[in-house]
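Below you'll find only one chain, the form predicted on its own, shown as structure tokens.
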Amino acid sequence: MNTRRDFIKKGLVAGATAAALPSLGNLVAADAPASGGVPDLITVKGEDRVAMLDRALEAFGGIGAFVKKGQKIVIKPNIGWDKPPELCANTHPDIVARLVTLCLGAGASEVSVFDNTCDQWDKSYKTSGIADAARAAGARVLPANNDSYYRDIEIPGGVSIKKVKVHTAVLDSDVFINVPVLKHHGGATMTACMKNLMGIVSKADQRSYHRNGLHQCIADILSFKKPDLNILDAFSPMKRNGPKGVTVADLDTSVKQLLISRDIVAIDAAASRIMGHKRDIEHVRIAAEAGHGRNNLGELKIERVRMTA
């Protein structure tokens, strides 16, 4: 990939109004290392999801910065819905497959992929294209539709939830990679990296979230576990009728971005601007106030890259 042809993108979102975006300071050149180390957040705009992923990972030192030889990796996409890739209700299968390939190439002993889906799990896995793509790349594709796949864990410092059942793939992994798709959500306002973690808990716990303060519960789980890496598929965000969507008319196909950060709060703060929110949505604010990450984008080292053909 020819990164010499990358150039700095002027705004976080193509076509976004200046009023919708905060000051994003500490911008660095696409071909120069960030002063003092890697960026806190990188956003790449382009036409090829796989090339965008590779370019974004370069800024963090490649997949080897996260995955070491012999480690067990779990990749958690959004596979919630029995919808095909072109409707963007789920993470795009090309991103998942590429991640599996990269992790195995870095020496991972195994890579597992799963989600506790909303629609019937086997149909969602199939129709999304994720199960076939992940298996072809060498991953173990795990079910998550039965309580036997979960273990009880305590939530230290949880406000609304004190105990949940978490999928064993997360509990037994060495590296946890969170790979959601960006969408509107009627209850949570937005589903991105934090909301995607509802897919690691049991169905009973998912229902409990909705009864006990959804935004607080979304933030509470971070007291137990934060992903080692967050990769947000914002290629064609679903701006309405989320989280399942109806037609391609629900999508903003002009965005064409992929965001990566270790900081789950920072990446969701940026995602909320892509969705047109001038202020942080509630679970992002709660998580930042609890010390789970940073939501002041003006204080972050952000690398913004636009890839050319």
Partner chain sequence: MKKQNNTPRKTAPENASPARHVLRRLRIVAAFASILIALAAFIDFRDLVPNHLKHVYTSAQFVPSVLTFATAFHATALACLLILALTFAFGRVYCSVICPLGILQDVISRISAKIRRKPPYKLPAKKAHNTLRHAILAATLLAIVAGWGGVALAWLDPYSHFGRFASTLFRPLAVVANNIAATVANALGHPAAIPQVNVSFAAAGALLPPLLIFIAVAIMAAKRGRLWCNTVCPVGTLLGLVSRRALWRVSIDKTACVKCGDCLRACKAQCIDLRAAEIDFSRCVACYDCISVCDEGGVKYRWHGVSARREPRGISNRNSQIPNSIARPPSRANRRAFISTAMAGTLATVGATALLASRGIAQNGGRQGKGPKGPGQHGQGHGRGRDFSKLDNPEVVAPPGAQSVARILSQCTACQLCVSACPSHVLEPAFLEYGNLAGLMKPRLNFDKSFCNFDCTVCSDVCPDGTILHLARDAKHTTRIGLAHTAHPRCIIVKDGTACGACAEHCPTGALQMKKPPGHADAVPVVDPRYCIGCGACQYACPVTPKAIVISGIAKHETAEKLVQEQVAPTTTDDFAF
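Keep in mind it's a predicted model, so treat the numbers as computed, not measured. Numbering follows the first chain given and starts at 1.
We do not show the form predicted together with the partner chain, though everything after this point is about it.
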**Q.** Interface residue in the predicted complex among 49, 55, 273, 262, criterion: non-hydrogen atom within 4.5 angstroms of the partner chain
**A.** 273
Q: Answer with one of 281, 255, 59, 63: the residue that has a non-hydrogen atom within 4.5 Å of the partner chain in the predicted complex.
A: 255
**Q.** Proximity to the partner chain in the predicted complex (heavy atom, within 4.5 Å), stretch among 220-228, 92-100, 151-159, 134-142
**A.** 134-142
Q) Do heavy atoms from each of 45, 246 and 297 fall within 4.5 Å of the partner chain in the predicted complex? A) yes
Q: Although the partner chain is absent from this view, report whether residue 118 comes within 4.5 Å of it in the predicted complex, heavy atoms only.
A: yes
Q | residue 40: touches the partner chain in the predicted complex, heavy atom cutoff 4.5 angstroms | A | no
Q: Decide whether residue 213 counts as a contact residue for the partner chain in the predicted complex under a heavy atom distance cut-off of 4.5 Å.
A: yes
Q: Answer with yes or no whether residue 205 is in contact with the partner chain in the predicted complex, where contact means some heavy atom within 4.5 Å.
A: no
(Q) For a quick check, can you give me the residues of 65-102 that have a heavy atom within 4.5 Å of the partner chain in the predicted complex? (A) 81, 82, 83
